[in-house]
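Below, in structure tokens: the form predicted alone, a single chain.
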Amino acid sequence: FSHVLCLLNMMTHQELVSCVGWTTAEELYSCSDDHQIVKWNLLTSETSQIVKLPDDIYPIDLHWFPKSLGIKKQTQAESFVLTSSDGKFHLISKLGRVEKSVEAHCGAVLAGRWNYEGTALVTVGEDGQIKIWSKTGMLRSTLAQQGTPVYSVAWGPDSEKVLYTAGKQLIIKPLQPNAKVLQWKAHDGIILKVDWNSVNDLILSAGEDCKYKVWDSYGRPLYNSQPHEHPITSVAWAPDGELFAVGSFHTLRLCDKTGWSYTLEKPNTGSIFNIAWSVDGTQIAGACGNGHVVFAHVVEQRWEWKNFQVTLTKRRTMQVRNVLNDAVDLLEFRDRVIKASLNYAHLVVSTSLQCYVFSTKNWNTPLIFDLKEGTVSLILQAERHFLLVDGGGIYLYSYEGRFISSPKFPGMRTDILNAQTVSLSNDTIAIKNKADEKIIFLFEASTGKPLGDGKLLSHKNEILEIALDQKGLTNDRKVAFIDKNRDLYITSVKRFGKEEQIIKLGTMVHTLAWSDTCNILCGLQDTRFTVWYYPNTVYVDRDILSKTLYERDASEFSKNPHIVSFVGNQITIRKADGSLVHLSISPYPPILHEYVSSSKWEDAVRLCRFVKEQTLWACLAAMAVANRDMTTAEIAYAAIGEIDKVQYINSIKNLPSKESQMAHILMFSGNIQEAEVVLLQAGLVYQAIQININLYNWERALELAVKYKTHVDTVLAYRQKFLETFGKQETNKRYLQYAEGLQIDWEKIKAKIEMEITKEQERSSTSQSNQSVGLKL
């Protein structure tokens, strides 16, 4: 992306403008020290005075009452709170009628903010008090009081905490009494403005030390700007949390959420005291010290995929460039463009009323359909379909424009979803639960219903980012996620019956991405860039996971880099300063994935022999075991020098029955219980007992022998031999109980074992001959 602001500087006020606020994407209210509240219509460029306030009221802050979420028709805010220098706040209707004035603070009320639901209002003042009020303006509580003025306040994303300034300190205080208060020194000068975004959960602060900073919600610094020439007087997050704006004297900046600057404008404004974003995040308005209101549109956004580059050149125009032949197409839209996404050979664009779907093969005939709600806040694409998120819900459409499904879950708040907390694949939708961040909801894409038996995926820590793999069978679908300790985990999403294991893949992982062409995962770890060529290895043979990785030093990407995309074998990383770095990984692992998914095992072996790389052989070994192809597995393990595993695979091949072979393959991957179940279902009780003896699972071995009334003496004999080897006495009560009066006869036991093996061989040979008879028939 490279965003630019198109500025429009307009004047109607005689004095300093203190605050501004949007009602719709085209209508803005501004308040000034000339006691006027003015309405601006951006479509007609008209302004009109809504109300002239009494001469003793100097407005300081304005905040519109939140629109009710998810209910259509109410597209406009109907009333706002205005705080003023006389210690009061005023509830004022859209038409300018002052519904209520409330004595709130001694001295000026410096800020007032509604929470996200509109159920509470917080005000702060020169008297150092932070007060919570009901929707109607009744005092609920004084949250805190201090000796210095509180210049700015913001609600936490869940409306359960409040962030406010205290001189050079920032304080996060929960509404619950006795809950832990977080406080840290944030600036070297008095902090003038704060903002807290509900989508990315990040905090902005601006101060008299001429710096602006980005923090996470634990108070950890993520970005620290260079000092400007003048104090930073305003900061504001875009609604979707991808951008923020910064205002200072004759200065307006547009920044990425990670802190670096897209653009710096120098309008003739005086200090910009207040910045407001329009609901759709396409434009901003600034309240200026010289009586102007400055308007700015965000344009020049850029999207790239393979050889295509799409740029938003004007509010309703996009330019598509094919860099291979320099062909240029212009795309014109009826309404302003709000969101766009380019991936999987399709460009999806949402305007204020419609959605356009272009194929990269044909830019002239887009598919167009009307949107249910207003503003789309997120577009996600997979190979077969795409997801639109707006204030009312989550909607899945095919690239032909057919509505597929709309998943729902209890307490759903779609306005706070972003690309880190929602993930889409061809068959699955995964959504992180905001109410309990340890949980991921999983939905079937085709129906929108919860996946499998409706079990939620639950982790021991809060989850930060989730990503579904894009290729392969639905039954093998995996989700990778990073938790708040920055550990990377992987688990299967098919949730029938048995709880799938959640397995750790790496530590200190800051960002991750799956390839769009095969299930290869990449991530930036502390000082390394890591590619997991076959993450499934953790389920097959953990010992060789480290051999299936590609690692390189990541210090060149500096601090806090972010993976933008992983297309084919090309990975794009955005550094902290905004610059892009393109990396290529080896083309061979994707080819290997392709061969294995088509069961072309001979081609896969040939490829590995040609490339002569340990990582590729290790991947093939794991892939072969996962697909139960033990001949290929044997070749691959031999190539990476895992001789013990080659011998074990050889012994598996010599086993008499298919069930025994299957059970030992499962044991090879560490799935002991499943191996036992396979044997018991096939009636091979002795073999099930024997694997438990071999693994020293003595309790289970005896339990099976007693349950099936067979081979109790075998278990006791092996147990006795085991104890004698270590010179120990029997202490297990169950073993003592069954050993009473039982003479162990090794000859008899060996004869029984021989008989079991012969029986199994006969069984498998008869089943094979039956199969061949069936074939002849």
Partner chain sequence: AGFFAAMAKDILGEAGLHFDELNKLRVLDPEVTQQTIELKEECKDFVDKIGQFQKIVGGLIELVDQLAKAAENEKMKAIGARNLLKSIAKQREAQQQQLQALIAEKKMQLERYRVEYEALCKVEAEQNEFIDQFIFQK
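Bear in mind that the values here come from a model prediction, so they are computed numbers and not experimental data. Numbering follows the first chain given and starts at 1.
The same protein also exists as the form predicted together with its partner chain; that form is not shown, yet it is the one meant from here on.
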Whether 262, 579 and 587 jointly form a contact site for its partner chain in the predicted complex is the question; each needs a heavy atom within 4.5 Å. yes
Among 103, 370, 556, 602, just one has a heavy atom within 4.5 Å of its partner chain in the predicted complex, namely 556
Interface check vs its partner chain in the predicted complex: of 455, 302, 135, 606, the one with a heavy atom inside 4.5 Å is 302
Only one of 619-627, 646-654, 571-579, 78-86 has residues with a heavy atom within 4.5 Å of its partner chain in the predicted complex, and that stretch is 571-579
Does any part of residue 551 reach within 4.5 Å of its partner chain in the predicted complex? Heavy atoms only, please.
no
Review point. Quick one: does residue 610 come within 4.5 Å of its partner chain in the predicted complex, counting heavy atoms only?
Key: yes
Taking the shortest heavy atom distance, is residue 583 within 4.5 Å of its partner chain in the predicted complex? yes
Using the partner position in the predicted complex, report whether residue 460 sits within 4.5 Å of its partner chain, counting heavy atoms only.
no
Looking in the predicted complex, the residues of 675-690 with a heavy atom no more than 4.5 Å from its partner chain, listed in order, are none
